[in-house]
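As a starting point, one isolated chain is supplied in structure tokens, in the form predicted on its own.
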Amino acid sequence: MNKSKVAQSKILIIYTGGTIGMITDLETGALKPFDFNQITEEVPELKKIPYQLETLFFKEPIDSSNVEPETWLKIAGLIEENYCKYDGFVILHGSDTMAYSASALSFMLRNLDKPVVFTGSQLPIGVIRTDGKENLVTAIEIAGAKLNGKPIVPEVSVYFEYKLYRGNRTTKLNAEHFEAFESFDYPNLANAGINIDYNFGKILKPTNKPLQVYRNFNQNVAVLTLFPGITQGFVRHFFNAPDLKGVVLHTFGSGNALSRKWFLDELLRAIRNDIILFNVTQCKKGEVIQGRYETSKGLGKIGVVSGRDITLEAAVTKMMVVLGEQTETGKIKSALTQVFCGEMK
């Protein structure tokens, strides 16, 4: 859909599923996906954007609760296929697992030098009070924004309710308000008001290298969330899961865990069975500092990897990617500590 004879940018919108793509069926009153080929009928504001807009959509929209690595591979494949044709990409996605998908794509799309902006909505686009129209319009503006001929935000991001976040720093915070997301340990990449104010110093710089898409995932990953009263039997049973390769250890405070001998023994047994342990705090803000307190000293000593200030969503997807790329324990641990695309300090 060419919206301007002299377009500034060419943007590909990819609809994967989610609330934003729903309208009300006038006969049944039920919500149903609308035809994205007719997107300007639902969002006439798009006609005023001086970009060339084209759309692709999954034939069978995916509820975000059903998203899995195959979905990420499909999105990444569409971006790779069309990478040279477009200046930026907008991914329409359900909000529940958007932070996981944005994190996964950030690790998959190496040397990315074009914007990939995830967005969605809390209310369907066909509802009068929808937040979907503003989210979509501004996400497109950001995806096509350039300065001196170069994309302003050449990384994977999430735009929601007037704020642009780094994708792998984002967490869904609220299921009821339009401000559904937050980036607790990294500043916003942009804030949208009368103008879109970009935080240039916090945006990743392009590498000027060819795009590489990493497709290997190892899904034999789990999250062990600690809580007062957790038992040895449960922990031992957890680590005996078949084919388990990596565990995000969801700890208290600055990476603290039980200092009970039985707990450290179970962790050590898992490590000796070549299970990688990645320490991530349950706190929304702050970071893991192993050894700050007595209750985390033992973790570093036995070989638990510190996730510093990485989010749970980024930790899970990063571990899947790293385990898919590496098989040697030392290389896996080393890769987890490296910063790939601004996902942690």
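Since the model is a prediction, treat every value here as computed from it, not as a measurement. The first residue of the sequence shown is number 1, and the count goes up from there.
Below: the form predicted together with a small molecule, not depicted.
Proximity to the small molecule in the predicted bound form, taken as a non-hydrogen atom within 4.5 angstroms, holds for one residue of S121, T138, S183, N256, which is S121.
Of the candidates T171, S101, S95, T130, S95 is the one whose heavy atoms come within 4.5 Å of the small molecule in the predicted bound form; the others do not.
Residue contact check for S306: none of its heavy atoms lie within 4.5 Å of the small molecule in the predicted bound form. Using a 4.5 angstroms limit between non-hydrogen atoms, T311 is distant from the small molecule in the predicted bound form. Shown alone here, D63 lies within 4.5 Å of the small molecule in the predicted bound form, counting heavy atoms only.
When contacts are judged by a 4.5 Å heavy atom cut-off, T19 counts as touching the small molecule in the predicted bound form. Looking at 229-237, 87-95, 207-215, 101-109, the stretch with residues near the small molecule in the predicted bound form, meaning non-hydrogen atoms within 4.5 angstroms, turns out to be 87-95.
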